[in-house]
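Next comes just one chain, in structure tokens: the form predicted alone.
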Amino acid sequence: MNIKKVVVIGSGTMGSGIAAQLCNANIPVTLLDLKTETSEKAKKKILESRPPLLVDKSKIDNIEVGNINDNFDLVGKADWVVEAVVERIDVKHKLYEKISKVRKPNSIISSNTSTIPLKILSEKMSDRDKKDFCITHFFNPVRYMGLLEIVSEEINDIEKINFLKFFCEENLGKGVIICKDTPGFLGNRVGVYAMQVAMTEAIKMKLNIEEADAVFGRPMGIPKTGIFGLYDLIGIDLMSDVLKSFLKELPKSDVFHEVAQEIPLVKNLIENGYTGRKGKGGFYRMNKKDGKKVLEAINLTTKDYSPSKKIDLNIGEKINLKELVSKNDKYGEYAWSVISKIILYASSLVPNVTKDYNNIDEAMRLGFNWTKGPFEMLEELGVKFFVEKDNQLKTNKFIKELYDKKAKTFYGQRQIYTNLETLGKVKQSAKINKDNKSAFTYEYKDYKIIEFNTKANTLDYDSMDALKKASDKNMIIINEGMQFSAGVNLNYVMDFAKEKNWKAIEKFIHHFQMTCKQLKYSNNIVVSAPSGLALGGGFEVLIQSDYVVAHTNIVTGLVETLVGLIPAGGGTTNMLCRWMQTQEAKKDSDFAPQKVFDIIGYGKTASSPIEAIPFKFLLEKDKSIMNRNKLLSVSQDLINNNKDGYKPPKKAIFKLSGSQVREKMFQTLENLFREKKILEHGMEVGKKLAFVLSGGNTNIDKELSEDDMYALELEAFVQLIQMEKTQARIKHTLSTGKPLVN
């Protein structure tokens, strides 16, 4: 069979998200709701969504809209019908009865429910319909969350279920895990339990919410929102409904009941409209004081709000789990209490909920953005350490059997839900060099893999060192993190700036330039395979690679001007080089410098490979991949198909008009300043950028080499980093995550 047409019924958040992802895959989709106007509003929201649900706005043309009264005949033309209506079983049953009367023979019907068991959804269906009916549980936002759980029963046509799994992997880019029909399936069963444990333990141990979020966050390999921040993000009222569903479906013997009981503070917040970010606030809220917005946090005991405080856990930027849970303070005690309970609960689900424990880990990676799942945590801690750390610990059958075997490792193969050769699988067998603290190097087959491993994969001297040393072979730059690289490590740079050690900064940036240049002109092929952010210095690595294999969810661009700097790792030079190849530039020598001045000056970004091509962030030779798990194999193919007879690119020569084009750029800056779109420092940064892009003190008859351009980049960067207003911008961005206009 094939899926050429899809109907999604229900245009709420999930229905719209599913429809948008089908659009991204170029699958025609009809979005139906009670009223056509409702579907049309949903279509408009998809188009205007932030972050964008579409990889390109033109994809919206793949959506038709209608209503379930006048346009239900379209269900009969669909190969796949997705139900995403309100979580009421009576409403769903009536809808399934209606679908059954008109659906195409052998079409697939699925529900996006996250709470109602499949056996209850299908209880009124005929056996013919049951064979073709399953749950397809997408996670929100659909474009960005990798997990799709397909829940099936024994009566299902297994070939059809496997086909749907393949289709959603190949076309929608999902990591598809087939689950048993148990409450919460895999992701929510463990993920929601983990959230509740983190909350109830924080309350029991009298931690404030900032402390709990600081521990139940990056130190555990969990997104920085933490537990209370995540509750606000999801919606406190929605989480309350989810818990009620679990309490209803799970047997009383399940320890989930211990953490899912109603908390008076949560009930009080909901009753007063404090439902999270969508309401008046939640555990955190924004308040105005003296005309300024202030983030406030609630006191779990008094229920009063006060300005939120940053928590210093007194740990380094990197800490392993064993060190975290061994800390002799309340943070270590909290971490151990939460992690031990999560591991015990997850392991208690084997084999009744799933026989493949590593699928639980992957569900947490793909559905909750954890860097490691509970069984990987157990592997890192060591079974012996885990069991013997606390003599009050009540182990279960799974843990006891591992302990009795006295094996140092138990994990086995990763990512068994997919047949693709992924980085996660390769890392288990490749020869690895972990000597570099900022990037690991894997030797595999006849090439090397570089994986950045700093916070947000920001780049420092060691990151560049790893790249430089690996260029003696064909190379793939890839990682499993949420971001490819958020750019140069500004904390690293600011440490030198505080000491006024400008020579150290100059040395680092020059090393960055020369490393990227070595990648570009290496006798071996360099492929970068980004997912997530590839900004600033991260993008400069991409632009000097031979090929880029980009996940559709990348965000690319040079954003240095927002922090009062200019791209100085070759980004300015190489963007200029790319735009000089255009027909317009061949007719007008000032075209390329002005175009790049506009792109870099405004800090423009692209949120998909399709958006990146018009900026020349990516080229036609680069590849765009929907399924992140295919990044490695496509990169391998590029190396294998191009390594014979490979020659590095020719070195670029620049002929720029100097002051002639610079005056045009200065005029643009004057206009922006007059319109108050930039302030004094914006002018200063713009002038430095203009000086570099114009070629400095040159003229159209003089030839400049890349090294000449790199020298201009470096000089401008070092001058700007010494300015107080640039340092103020950097400090503001590091503390708030937002740019400062000064």
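Quick caveat: nothing in here was measured; it's all calculated off a predicted structure. The numbering used is simple: start at 1 and walk along the sequence shown.
Although not depicted, the form predicted together with ligand NAD is the subject of the following passage.
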Among the candidates 354, 113, 454, 636, the residue which, in the predicted complex, approaches ligand NAD to within 4.5 Å (heavy atoms): 113
The unique member of 386, 216, 138, 617 whose heavy atoms fall within 4.5 Å of ligand NAD in the predicted complex: 138
is_contact(residue 699, ligand NAD) in the predicted complex, heavy atom dist at most 4.5 Å: no
Exercise: residue 9 in contact with ligand NAD in the predicted complex, heavy atom 4.5 Å: yes
Interface membership of residue 33, ligand NAD in the predicted complex, 4.5 Å heavy atom rule: yes
Contact test in the predicted complex: residue 199 vs ligand NAD, heavy atoms, 4.5 Å: no
Proximity to ligand NAD in the predicted complex (heavy atom, within 4.5 Å), stretch among 398 to 406, 440 to 448, 138 to 146, 368 to 376: 138 to 146
In the predicted complex, residues of 341 to 357 near ligand NAD [heavy atom within 4.5 Å]: none
